[in-house]
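Next up: a single chain in structure tokens, the form predicted alone.
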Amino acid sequence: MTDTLPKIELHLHLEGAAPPAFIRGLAAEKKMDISGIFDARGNYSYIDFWHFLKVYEAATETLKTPGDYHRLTRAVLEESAASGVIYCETFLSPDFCGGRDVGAWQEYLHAIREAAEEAERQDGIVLRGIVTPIRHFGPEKAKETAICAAETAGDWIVGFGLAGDEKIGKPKDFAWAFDAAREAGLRLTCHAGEWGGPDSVRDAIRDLGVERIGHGVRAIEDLALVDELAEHGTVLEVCPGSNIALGLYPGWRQHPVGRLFDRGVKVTISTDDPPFFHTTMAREYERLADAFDWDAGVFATIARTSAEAAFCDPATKDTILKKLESAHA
């Protein structure tokens, strides 16, 4: 039932979506030994969230050139389109794409956009970018990332976020970077409420002025906050499979996305870093339908919420909404 539904993904890390075989192939081409990040079956191997970050960054070491990112983008979008995704926003970090040098970042971005345009022509999937500093790299590097974002803000780079280790620093430490991005016309999101509790969600909204929260699921621990999110229409980019794989919740039925949805919070569904968590958008939908008895009507509501929360321009949004309407007619 869920396989054929058109899907919209708002929370996807480009490097984190790299199939393991793709990364192994790049490593072999470059004669790099990164065998330690895979298990015996060839999957990414990590023991907890903080080890996952190290494995993620080790995998990213194989991506050395704009050409590598062109190939990566094609590989990722092929997987997404096969899962029924028609529109996707991906996090991109100038930290990994040119070392936060604006000129180098522009070259990487050109290669990514070119690949995205090819995928749109071939598979009908639309991609847009959200520039994301890495929290545990610190606020000074985030300022450089914000300058890269501001220099390339427009019809394709549509947002600015913050990813990485939530336990490092406070959202307000990154206020300069978010102010610069806002002044450049970028829409704002921030990872919070995953490894940080409900207060991390409050801090991100108050100190950074974001309209979306990456994850945000631990808001459920403070029902007054849940009611505030519902009242203000703050959108949560929920990644259930990621949360379960990393041990945040023991299983799908215990995941709070069902309760958040029932309490009127605007929830969207994404995969985060799909091959790391053995998931796809189709699998997320499948497991949610099984855990919460969600039917096509619920998924249509979630897809529409996702389209309305997308950071793209009005014309692109209108096209996506029309596709959703025709699919659910």
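None of these values were measured; they are calculated from a predicted model. Residue numbers run from 1 along the displayed sequence.
Note that the form predicted in complex with a small molecule isn't included here; everything after this is about it.
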Please check if Phe49 has a heavy atom lying within 4.5 Å of any heavy atom of the small molecule in the model of the complex. yes
With the partner left out of view, is Pro139 within 4.5 angstroms of the small molecule in the model of the complex by any non-hydrogen atom? no
Using the partner position in the model of the complex, report whether Glu284 sits within 4.5 Å of the small molecule, counting heavy atoms only. no
Please check if Gly164 has a heavy atom lying within 4.5 Å of any heavy atom of the small molecule in the model of the complex. yes
The one residue among Leu53, Ala27, Ile37, Ala300 placing a heavy atom within 4.5 Å of the small molecule in the model of the complex is Leu53
Looking at 290-298, 28-36, 272-280, 63-71, which lies within 4.5 angstroms of the small molecule in the model of the complex, counting heavy atoms? 272-280
